[in-house]
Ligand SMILES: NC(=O)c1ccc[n+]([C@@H]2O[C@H](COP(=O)([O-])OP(=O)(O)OC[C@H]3O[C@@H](n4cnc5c(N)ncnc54)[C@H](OP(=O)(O)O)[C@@H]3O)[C@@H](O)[C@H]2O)c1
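Below, in structure tokens: the form predicted alone, a single chain.
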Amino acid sequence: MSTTVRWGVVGTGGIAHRAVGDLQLCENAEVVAVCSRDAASAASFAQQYDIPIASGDFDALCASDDVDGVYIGIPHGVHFDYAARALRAGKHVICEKPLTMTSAEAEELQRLSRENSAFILEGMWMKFTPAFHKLRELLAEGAIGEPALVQAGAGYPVPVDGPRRFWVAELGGGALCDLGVYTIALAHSVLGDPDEVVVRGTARTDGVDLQEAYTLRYASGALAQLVNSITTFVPPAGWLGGSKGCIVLDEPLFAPRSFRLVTGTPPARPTTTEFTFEQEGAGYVPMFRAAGEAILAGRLETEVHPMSDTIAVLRIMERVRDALMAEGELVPAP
């Protein structure tokens, strides 16, 4: 029985560079191939990381008996196409977040995964970090009582001549796909599916959202207040409030190396407990290791971030986007 999963990395951009290094740190992973539309870029990438196979043909990569699965690290707008082709070829898939542009596309990928007995995972590395593991443990223990409020944000000004994935609608441009997926995933993991979505912000007429502040309201009375932007600095941090205390997440939200548990009832002085965590590599290692464990055990998803969570978050993102386009300030696209 195999003890490793042989991965092909799709893409040669910044995300792929971080990911391949972390895959190579996993005892149950072996990086055997890299693929790019630019064959020369693939060859250079392969040489840099000592990867045996460099390809300019994605379908040929998916047909190779030397590759078990693919890590897709290319712009959001093409995730569905590449993931679907890989799953139809029976290859396991880890795809950068957001997995797809719509919840319907994610549902189709889930169907293809089951139909072809191929593993699938959205690259929501935040949920696999040691900090998030401890966060879930504290919430389950009732350390802050019943969670009732989540506040989180992430944003930074992206130059208009910066990466096209931020500014081209067809590629999934905007703050919501790149950053909002994290803040919404945090809120969903703590509070579940909201009953109401209220949004204020600015978007271009072509659908690229520039910034938004939105409130998710829940039947329990809980609230999530979230902010994302590609035009303004927003600290990538957040906190969770409950009936007995709060958890303050340090930056960056998507891979915190520390957070504080604050408990106590005023006017008594609060009790603060600091938790710190080691990070393996660039932070993707726990996710890649968990994916390998699931694949080698014959599972099609991980327990930490199942497809039901991916689909639920995408549905919330759709509601936020729809409300922003209907009620927000729209500015002309260049």
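Sequential numbering from 1, following the sequence displayed. These numbers come from a predicted model, not from an experiment.
This protein has a second form, the form predicted in complex with the named molecule, left out of what is shown; the following refers to that one.
Visitor: Of 125, 119, 259, 132, which residue is found within 4.5 angstroms of the named molecule in the predicted bound form when only non-hydrogen atoms are counted?
Guide: The residue from 125, 119, 259, 132 that makes the contact is 125.
Visitor: Could you check which residue among 167, 218, 82, 239 gets a heavy atom within 4.5 Å of the named molecule in the predicted bound form?
Guide: It is 82.
Visitor: With a 4.5 Å heavy atom cut-off, would you call residue 18 a contact of the named molecule in the predicted bound form?
Guide: Output for residue 18 is yes: heavy atoms within 4.5 Å of the named molecule.
Visitor: Residue-level contact is defined here as any heavy atom of the residue lying within 4.5 Å of the named molecule in the predicted bound form; does residue 207 satisfy this criterion?
Guide: Flag for residue 207 set to no.
Visitor: Please tell me whether any heavy atom belonging to residue 173 falls inside 4.5 Å of a heavy atom of the named molecule, as the geometry stands in the predicted bound form.
Guide: Outside the cut-off, so no.
Visitor: Does any heavy atom of residue 91 come within 4.5 Å of a heavy atom of the named molecule in the predicted bound form?
Guide: No, residue 91 sits far enough from the named molecule in the predicted bound form that none of its heavy atoms falls within 4.5 Å.
Visitor: When the named molecule is placed as it is in the predicted bound form, which of 268-276, 62-70, 46-54, 33-41 ends up with heavy atoms within 4.5 Å of it?
Guide: That would be 33-41.
Visitor: Quick one: in the predicted bound form, does every one of 11, 74 and 78 get a heavy atom within 4.5 Å of the named molecule?
Guide: Yes: each residue has a heavy atom within 4.5 Å of the partner.
Visitor: With the partner left out here, which residues of 168-187 have a non-hydrogen atom within 4.5 Å of the named molecule in the predicted bound form?
Guide: The stretch touches the partner through 171, 178, 182.
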